[in-house]
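One chain comes next, on its own, written as structure tokens: the form predicted on its own.
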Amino acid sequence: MQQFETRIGIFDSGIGGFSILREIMGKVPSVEIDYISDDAFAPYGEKSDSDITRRSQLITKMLLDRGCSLIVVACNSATAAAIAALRQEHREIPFVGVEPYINVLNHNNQFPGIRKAAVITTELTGNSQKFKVLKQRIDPTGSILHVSMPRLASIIENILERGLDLELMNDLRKELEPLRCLELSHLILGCTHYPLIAGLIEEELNLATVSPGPYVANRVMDILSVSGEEHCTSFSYLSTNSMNWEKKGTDYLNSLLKYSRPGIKPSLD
């Protein structure tokens, strides 16, 4: 087995960052990956900015102790609350954050058929100064609507934990209800949990979704300037509930992302 020279760390409050992880594994060659799911402190969306920053500093130290030379903050809430402090504290380490891809209307060629778009976020991200500044800078005329989704991230966690049943499908439909009357062509997914069920969202709302994963992976490639044919097919995983590192493969990742592919209509349990 090839030993990769570059090690990158990824963390999120849960498994939402797996949508980012998949893109990085598929695009960035010659790297090893450590992923921390901070389940013991989840959800970040209910915590203060200062608490999220302190927690992000702790998780960052854990990844640096593993030898990571680049860290992906695969969480919109942590990016908004903590990434500036992390960059200030660790000036020698590149940090890549996650932001909603609001710039869709300026890239019509990338999004054929785009007509009307909205961005959905957690309440914490939507209320953050970082998000407000980002949206004002990229969308000063307010062409893109913004809708906060208070329960969507937790609904997604439940779907992935126990499978999609009628109760959870009804919860999902109720949470998405405010979007149905907006006549959207595209929906920007402003939380890394949301791409995990992009296929379900597209089926329910009859629109196309826009996820940040490909853009994050491209940014990682730009920073690392890595090359090579071989991509990693496994990653090291730690949940802060157990604090035990485990090796996980692409089969495990794909099983958790089964609702993410557009056009897939799952059978209900």
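Residue numbers run from 1 along the displayed sequence. These figures come from a predicted structure and were not determined experimentally.
Separately, the form predicted in complex with a small molecule exists; it is not shown, and the next lines address it.
Undergrad: Choose one stretch from 89-97, 137-145, 76-84, 168-176: the one whose residues place a heavy atom within 4.5 angstroms of the small molecule in the predicted bound form.
TA: Flagged stretch: 76-84.
Undergrad: If we define contact as a non-hydrogen atom of the residue within 4.5 angstroms of the partner, is V104 a contact of the small molecule in the predicted bound form?
TA: No - in the predicted bound form, heavy atoms of V104 and the small molecule never come within 4.5 Å of each other.
Undergrad: Contact with the small molecule in the predicted bound form for G45, defined as at least one heavy atom pair within 4.5 Å: yes or no?
TA: Answer yes; at least one heavy atom of G45 falls within 4.5 Å of the small molecule in the predicted bound form.
Undergrad: Is it the case that C191, even though its partner is missing from this view, gets within 4.5 Å of the small molecule in the predicted bound form, heavy atoms only?
TA: Yes, C191 lies within 4.5 Å of the small molecule in the predicted bound form.
Undergrad: Do A198 and the small molecule come within 4.5 Å of each other in the predicted bound form, heavy atoms counted?
TA: Heavy-atom contact with the small molecule at 4.5 Å: absent for A198.
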